[in-house]
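Shown here is one chain on its own, the form predicted alone, set out as structure tokens.
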């Protein structure tokens, strides 16, 4: 399968992109220059994410500018200015200080997307504490595991979450000092306190202490295929990556209205749902409600969103509804659409061009990288199916392993493991309490991503699959993403998930799980048609040999297809950690 590169006409763009000459900017780029663009704490007292994102705007002409526009489930709209956000985060920082929460202590959040999140996030960082977000849909066990492994001192949550998930666990969390309830006007007991009461009593003036850029700021838990969740440690210095990706990838300008749909429990929801847009002083839209196509299109229209950052899962769900729906809304304000979470199939990129009138720009990064590493840019050509080009300041490579300890850097069009030269500002600094696991992520100067990819002759990177997802069939190495993208070209297919199923003769056969678009029925005839369709495009060795029709594919809350779960169910194997499975519990 090959899709022609799509070039851009910069002269026709209403807003001149921040990055037009990629080659020159990349050649002249330095992280030291980025650091000089940031204010730093007054008096040269270090670098603090909260000051850069909030206080420096609130202390200048941006004080009354809207920072967060919150859209409630009930239709209500409320705004937080940069000044409001500074004052309320100061109150929370003072509150933490009054509770004797020390530098480096962890503050956990378990309450979803509500207005309290934002002052609590920045107040935590102002007091040099560490913010750790959890998905509100987590069940009791995942919550307990993360609170325990993260040495939680403070938990901010609501009464429902406390009653259902926390109260039964308290005897297993001896380090947890206080639980602050966002929706209680009275204290429950000496440990479970009313956040509104404490915030009302706290002062709104706070001086951020000297902050070493390497001070721990955010702890994000990420699930592996086996074992307990890993706590990836990020520091205040990560703000440099958030700042420069906001400029060059998101292409944020002062007058933009920006909407990131990611949940704060996912790293995108903090790096690009909170920090990056505020660094650039833009208005950031936050929607409390869950995905619903008509609601989303209405938000784009009514809020006049200009830059939209969402997930491939959401895009594929929008692709399943009639194309007439977006035509009912005025999307003329929208100028740029981005996607991250799972590689974006070429068909989705082209759907955006056809239905939204805009290409969808895929980008790649991980919880461990802390920020976008490889991207498609507003002014540069898009090659549908490609992750794009490395961010200025990021050195990427394709490695092949010579042995357990050494690697070789490959030239163009060789498949291997995607790696990044270590040392960028938002690189994770540790897996909390697991140094051995952390060190295994590196080979000398290279961070090993665990993703297989190739680089073409022009430097564009192409995702093949997770190393542990690759299918070995009849001597071929097959990436599930390639097969899934092929199947999505068929008019009946909305989504596809592909695994390798053990087979004695060829090692593994390629099996696909297919979600159909509305109006199509799961029949043997359609199954045979899809197998033939795959063979015609991929060849008999790579095409799926079995197809199952399903209503939905298991995905993480960040939108990644859980192929290991498909495989475990198919083979009746243990499913492992499913704490990040979308819809696995209720809140």
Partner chain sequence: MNQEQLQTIIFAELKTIAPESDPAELSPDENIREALDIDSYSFLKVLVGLNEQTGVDIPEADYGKLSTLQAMTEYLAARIR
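If you're wondering where the values come from, they're calculated on a predicted model, not measured in any experiment. Residue numbers count along the first chain shown, from 1.
This next part talks about the form predicted together with its partner chain, which is not shown.
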> Taking heavy atoms and a 4.5 Å cut-off, does residue 472 contact its partner chain in the predicted complex?
Replying inline: no
> Do residue 528 and its partner chain share at least one heavy atom pair within 4.5 Å in the predicted complex?
Replying inline: yes
> Just to confirm, residue 539 within 4.5 Å of its partner chain in the predicted complex by heavy atoms?
Replying inline: yes
> Does residue 213 make contact with its partner chain in the predicted complex, using a 4.5 Å heavy atom cut-off?
Replying inline: no
>> Based on heavy atom distances of 4.5 Å or less, which listed stretch (442 to 450, 293 to 301, 187 to 195, 238 to 246) is in contact with its partner chain in the predicted complex?
In response: 293 to 301
> Out of 100, 320, 159, 354, which one falls within 4.5 Å of its partner chain in the predicted complex, going by heavy atoms?
Replying inline: 320
>> I need to confirm a contact call. Of 35, 560, 545, 69, which residue comes within 4.5 Å of its partner chain in the predicted complex, counting heavy atoms only?
In response: 545
>> Under the 4.5 Å heavy atom criterion, name the residues of 502 to 529 that approach its partner chain in the predicted complex, in sequence order.
In response: 503, 505, 506, 509, 528
>> Assuming the CA distance changes by 3 angstroms or more, are residue 452 and residue 503 closer together or farther apart in the predicted complex compared with the shown structure?
In response: closer
> Against the shown form, C-alpha atoms of residue 455 and residue 510 in the predicted complex: closer or farther, for a change of 3 Å or more?
Replying inline: farther
